[in-house]
Ligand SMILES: Cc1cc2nc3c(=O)[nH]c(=O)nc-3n(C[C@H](O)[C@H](O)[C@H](O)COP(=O)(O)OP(=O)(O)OC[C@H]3O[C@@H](n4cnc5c(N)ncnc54)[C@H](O)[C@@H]3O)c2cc1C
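Taking the form predicted on its own, here's one chain by itself in structure tokens.
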Amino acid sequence: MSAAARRVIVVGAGIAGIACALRLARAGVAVTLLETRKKLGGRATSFIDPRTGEVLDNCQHIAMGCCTNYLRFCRMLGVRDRLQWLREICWVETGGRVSVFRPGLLPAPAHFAGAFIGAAFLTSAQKARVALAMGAIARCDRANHTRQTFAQWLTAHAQRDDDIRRFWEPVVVSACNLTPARVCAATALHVFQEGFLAHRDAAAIGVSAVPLLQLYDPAEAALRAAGGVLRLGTSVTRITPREVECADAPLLHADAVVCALPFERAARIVDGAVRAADPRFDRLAALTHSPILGVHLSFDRPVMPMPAAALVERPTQWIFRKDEEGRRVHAVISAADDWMPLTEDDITRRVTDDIRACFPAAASAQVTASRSVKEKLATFAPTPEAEAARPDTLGPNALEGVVLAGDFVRTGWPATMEGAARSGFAAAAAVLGEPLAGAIEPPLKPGVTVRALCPALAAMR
């Protein structure tokens, strides 16, 4: 692709599609952004609950301090101030004991050392084993571990089953939406390297203070101000490198087409002849999904004193407080395959049992409202096989192919909002003929200690 592409169609208005369209429009490209649904955001969005009329997020999505491209995306939309930042992570055990992880005075990668030493939910022996493995993570080249699972890597580094259940699994499942037994080791290693070791601000959690859908409110005005066009409710039926066919509109022509749809839709909508000539689409067959369950609960009294908590060895993995009092909470279960067949009553009962087990104030609290949201196609499953199959932004014949964007594209990140934003900016760079290095926001700069003690980690960034 090159700067000669002055008319571009972007299909799909999730984070990847919006990021790509905004970047292209700012470069003077005439962009048309198409979306099948009547709202923006893709899978990271909100809906109106027909039972109550409330606007609810389909699931609790978070950013982290290390998500530099997602934060750039928010700045482009002018919504960076709509994120609330949490500087500590609470781990809550059955019975209510709380361990708080917050950065201490030491520089990265040792900034969590004090909190880790004081963590009550781990024994001294567990801490010693985890610390040794964390040191190995800080020194290893994750690119050498794409063919094994994280569980295999952990076992090779003397981690026991109880270490994995209590410490490694809660982090990996929430970040990668897959268990250590299935997730690619390189993907999980990336989470710990980038999110916890490389920079003291990397693990800060950013939660939207407004419904997710409101984060995208400025997108249409920003796109139009730059000369672009947004068309919602437009059903796309076929894509080629220069054309987009819609169900209820004339054939659209462009100098380049960016497909920012989920991988399963891209495999259906891209023209058959185009797919046959591009090996990227054959590899999409190796990608599968992993589901996420979000559960909105309201109680008749306050039940949760902290903004967010990871529940230790409970089926419900994370709880987020959704009001100041702590009466309304949002529970998240990632890698939720076993939960998908359950009824809403069963889901409510199980999540409520976990909350009551971990928060004494909830012991006699009654649920006044419940709404579960099953995202069966929430993310791709980042297995070793999937990591090898993730497609590049451009095909082998870069000047003639469909440009791909989406969190499943080979971004170096798991299926996250950061991965989606990175892919959108990379797709825009491909269309413009710009080098990727200048199109992607660099990661947080590692400090002197990280560069001295963990040169491999600093180099990989």
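Computed from a predicted structure; not experimentally measured. A residue's number is simply how far along the shown sequence it sits, counting from 1.
Although it is not shown, the form predicted in complex with this ligand is what the next lines describe.
*Asks:* Run the contact test on G14, P262 and T416 with a 4.5 Å heavy atom cut-off to this ligand in the model of the complex and return yes or no.
*Replies:* Affirmative, all three are within 4.5 Å.
*Asks:* How about A378 - does it come within 4.5 Å of this ligand in the model of the complex, if we only consider non-hydrogen atoms?
*Replies:* Flag for A378 set to yes.
*Asks:* Heavy atoms within 4.5 Å of this ligand in the model of the complex: does S235 have any?
*Replies:* Yes - in the model of the complex, heavy atoms of S235 and this ligand come within 4.5 Å of each other.
*Asks:* According to a 4.5 angstroms non-hydrogen atom cut-off, is L34 in contact with this ligand in the model of the complex?
*Replies:* Within the cut-off, so yes.
*Asks:* My question is simply whether N58 lines the interface with this ligand in the model of the complex - judged by any non-hydrogen atom within 4.5 Å.
*Replies:* Result yes; N58 sits at the interface with this ligand in the model of the complex.
*Asks:* Let me know the one among V312, I292, V257, V303 whose heavy atoms come within 4.5 Å of this ligand in the model of the complex, would you?
*Replies:* Exactly one residue meets the criterion: I292.
*Asks:* Please pick, from A44, V403, A429, V29, the one residue with any non-hydrogen atom lying within 4.5 angstroms of this ligand in the model of the complex.
*Replies:* For this set of options, the contacting one is A44.
*Asks:* If contact means any heavy atom within 4.5 Å, which of 78-86, 128-136, 192-200, 227-235 contacts this ligand in the model of the complex?
*Replies:* So the stretch in question is 227-235.
*Asks:* Could you list which residues of 92-125 come within 4.5 Å of this ligand in the model of the complex, counting heavy atoms only?
*Replies:* Contacts from 92-125: none.
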